[in-house]
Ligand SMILES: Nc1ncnc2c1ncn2[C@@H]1O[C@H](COP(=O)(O)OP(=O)(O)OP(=O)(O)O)[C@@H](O)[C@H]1O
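One chain comes next, on its own, written as structure tokens: the form predicted on its own.
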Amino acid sequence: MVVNQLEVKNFRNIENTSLEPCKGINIIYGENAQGKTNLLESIWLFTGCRSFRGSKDNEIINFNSTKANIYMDFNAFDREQSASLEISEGRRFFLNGVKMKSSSQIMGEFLCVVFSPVHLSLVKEGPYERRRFLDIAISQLKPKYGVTLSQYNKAVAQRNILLKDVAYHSELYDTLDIWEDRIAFFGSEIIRQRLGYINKLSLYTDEIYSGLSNERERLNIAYKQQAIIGGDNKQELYENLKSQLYASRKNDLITGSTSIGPHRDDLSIKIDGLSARSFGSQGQQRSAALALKLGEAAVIKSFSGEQPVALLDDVMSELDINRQNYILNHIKDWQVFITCCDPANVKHLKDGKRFMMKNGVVKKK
């Protein structure tokens, strides 16, 4: 998968600029607040996912305009394709001239992974960020997973409402069975998919992290269930989750919230057997987050046959020379966009293109 040309109009501080990247590594450098991250964000949106920066659509339109437009020509699945996105009071995607009915319809057409400083939260913050990483990664591969996740979240929300209402309407107690059955049905599939994904992901993250650390350290990831529900057998997961939901009713009625299920699970990340969150250095934590994202790319390729585009925002910060060298010269046969402030950080790049960005405009150097 390769981006051949990109044109961006009225997107954040970018009024009008274009880019013709190479098929390998593309370095975009410049001072802070010049639009480097905005450029990567514009590419990411063609995955159909929301902004990796957590922004709302109306926040990414240039102040001097009422809409933003992005156009991209790319190679995917052995053919040249074109896509466009208009953002105004919503999003309108077009793929090869055909209007998409929704953002979810374009998912899987353009495959991409992104690493930015916000993704350090994968290691540094609480379980929510790691669950979100898993859910977005799986949704890119299996769009129906997003539907399952939505149904699960709705069922949990309904059970939580009911837990609070039972105190005033005891006749509602028996209706908990309905929502627990739905939680168990959808939740068992979520756990099964997450377990399968992590099993695949771990095949790559260990090797990638080993390369980043010059084989001095080992990374281990594992799915951490808040309550032991079971393995990858869906029926077993369903039955165990349902029985544990029933067993937790007394406590849940007191707290007014559902304490059991995949919405409470986590992804364990350890370096040499120790928690990366609690004991990892800044460089180790950044390397662990990067290994997760590069591993995500490897899983996408194994699943789809297409190597996704990689967007690496400010990836060089707090990495030593060996780790920088690995990124610049050992990620081969796929297209990568790397942003940085100091061009000296990329002096070890042996092949690729360099672009300078200033005031929202890209210039090849």
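If you're wondering where the values come from, they're calculated on a predicted model, not measured in any experiment. The numbering used is simple: start at 1 and walk along the sequence shown.
Keep in mind the form predicted in complex with the ligand is missing from the figure; the text below concerns it.
- Not displayed here, the ligand is approached by Ile60 to within 4.5 Å at the level of heavy atoms in the model of the complex.
- The closest non-hydrogen atom of Lys353 lies beyond 4.5 Å of the ligand in the model of the complex.
- Residue contact with the ligand in the model of the complex: Arg53 places a heavy atom within 4.5 Å of it.
- When the ligand is considered in the model of the complex, Arg12 lines it closely, a heavy atom lying within 4.5 Å.
- In short, of 44-52, 319-327, 302-310, 62-70 it is 62-70 that has heavy atoms within 4.5 Å of the ligand in the model of the complex.
- Along 11-36, these residues reach a heavy atom to within 4.5 Å of the ligand in the model of the complex: Arg12, Asn13, Glu31, Asn32, Ala33, Gln34, Gly35, Lys36.
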